[in-house]
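Here you get one chain, nothing else, as structure tokens; it is the form predicted on its own.
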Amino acid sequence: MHELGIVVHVINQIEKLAKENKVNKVVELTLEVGEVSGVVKEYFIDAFNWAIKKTEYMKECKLVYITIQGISYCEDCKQTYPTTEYGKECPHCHSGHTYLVTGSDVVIKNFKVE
């Protein structure tokens, strides 16, 4: 379950920023998580809700979890397509010369403080 490792890393980053900026608490965290990142949303949310109880600034933090669609690009026909529907093979020209453009990252979009 690598979700816990990602949660711990994100929380450590936010806690560090909160301390450096002398905020009272972090009330909301928005994350963008790619649908092909390997993160299981339910596991991530459970791990997040467990881990924030042990923090200094995030005990009551609301998580806004935004799923970013996986989009691939075909180098042969120059078109994009939804990765989760078609995988590595381009649905337009059936080429395998494709690569992932979006949908594999976990990004801290923003967070709100008091």
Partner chain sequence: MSDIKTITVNRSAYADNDLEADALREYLKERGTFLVNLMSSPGAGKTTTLTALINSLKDIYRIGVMEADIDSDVDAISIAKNTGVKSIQIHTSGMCHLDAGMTKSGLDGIDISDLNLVFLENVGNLVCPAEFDTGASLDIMILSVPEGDDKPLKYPLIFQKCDLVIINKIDTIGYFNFDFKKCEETIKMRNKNATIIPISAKTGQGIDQVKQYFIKTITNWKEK
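Residue numbers count along the first chain shown, from 1. All figures in this text were calculated on a predicted structure; none of them were measured in a lab.
Omitted here: the form predicted together with the partner chain. The next part is about that form.
Exercise. With the partner left out here, if you bring back the partner chain in the predicted complex, are K41, K53 and Q79 all within 4.5 Å of it by some heavy atom?
Worked result: Heavy-atom distance to the partner chain in the predicted complex: none of the three under 4.5 Å.
Exercise. Wondering, does K88 line up within 4.5 Å of the partner chain in the predicted complex on heavy atoms?
Worked result: Contact check for K88: yes, within 4.5 Å of the partner chain in the predicted complex.
Exercise. Any of the heavy atoms of C93 lying within 4.5 Å of the partner chain in the predicted complex?
Worked result: The answer is no: C93 has no heavy atom within 4.5 Å of the partner chain.
Problem set entry | Partner proximity in the predicted complex: I45 to the partner chain, non-hydrogen atom cutoff 4.5 Å | Flag for I45 set to no.
For this session: Using a 4.5 Å heavy atom cut-off, state whether V64 contacts the partner chain in the predicted complex.
Result: So V64 does not count as contacting the partner chain.
For this session: For the stretch 10 to 41, return the residues whose heavy atoms include at least one within 4.5 Å of the partner chain in the predicted complex, in the order they occur.
Result: In sequence order, V10, Q13, L17, N21, V23, V27, S37 come within 4.5 Å of the partner.
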